[in-house]
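Below you'll find only one chain, the form predicted on its own, shown as structure tokens.
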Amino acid sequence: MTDEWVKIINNEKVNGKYYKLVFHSESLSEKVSPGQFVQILLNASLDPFLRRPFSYYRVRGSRIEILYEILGRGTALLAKKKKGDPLKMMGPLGRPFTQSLKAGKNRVLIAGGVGVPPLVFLAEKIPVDFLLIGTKSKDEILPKKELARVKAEVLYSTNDGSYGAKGYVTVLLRELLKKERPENLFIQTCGPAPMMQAVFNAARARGIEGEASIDKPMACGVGACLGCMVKTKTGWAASCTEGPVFRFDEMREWG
């Protein structure tokens, strides 16, 4: 783990929803795995006081990309940052997604909202069979060039039906489960808590193994503040250090 100031190379909107932040760092890019994250300090001053966590979206050499959307004051301030502006980054942090699976398992990635970046990173790094992405509308669909290195079958759903299947991403999962043997699947998911709960319920009903990245506010990122606790079957766990990725069979509560 390192904590250093970097300079922004690029910070621009890629569609109606997402911005892409780009910077270089040898130490922050070393030995990074999909599912890990960085804690970003926006200013040297105390405003805003707390850092914000962001998943790694792409790492190529020392070049790091972060995909984000404006969800509050912190991300609104980040979106205003320009080329050359400094940001302080701490990372890589957290427990990543599993990359090695049992022979014969088909990997299904299910992403929604802020859960898209780490799963695209995973799909670029290792073989993936299906990548299911749910958005609100066509305006939020990633440009094709952003998924150029993804070899999986990519399927979209939109809440308003403007692109792909109409409905939540679980519509795609239900259709997939009609075609694939549940015992051959391994699900990895990241997104809003209700979405992941629905994915977990469907997986549990059919005995499908998997894991989820639990998105929680993280003030410190190193397990000191205890603000990102999740309830597991063995007790409370800090999402920033014991997660953010947890196996389905570890979880007791979601959200």
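Quick caveat, the model's predicted, so the values are computed rather than measured. A residue's number is simply how far along the shown sequence it sits, counting from 1.
Below: the form predicted together with a small molecule, not depicted.
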**OP:** Work out which of T75, N106, Q99, N159 lies within 4.5 Å of the small molecule in the predicted complex, going by heavy atoms.
**Re:** T75
**OP:** Name the residue from V59, A203, L67, V230 that puts a heavy atom within 4.5 Å of the small molecule in the predicted complex.
**Re:** L67
**OP:** Just one of 114 to 122, 82 to 90, 139 to 147, 181 to 189 has residues with a heavy atom within 4.5 Å of the small molecule in the predicted complex, so point it out.
**Re:** 114 to 122
Original post:
in the predicted complex, does R63 have a heavy atom within 4.5 Å of the small molecule?
Top reply: no
Original post:
P194 near the small molecule in the predicted complex, any heavy atom under 4.5 Å?
Top reply: no
**OP:** Evaluate M218 for contact with the small molecule in the predicted complex, applying a 4.5 angstroms cut-off between non-hydrogen atoms, and reply yes or no.
**Re:** yes
Subject >> Contact flag, P53 vs the small molecule in the predicted complex, heavy atom cut 4.5 Å >> reply: yes
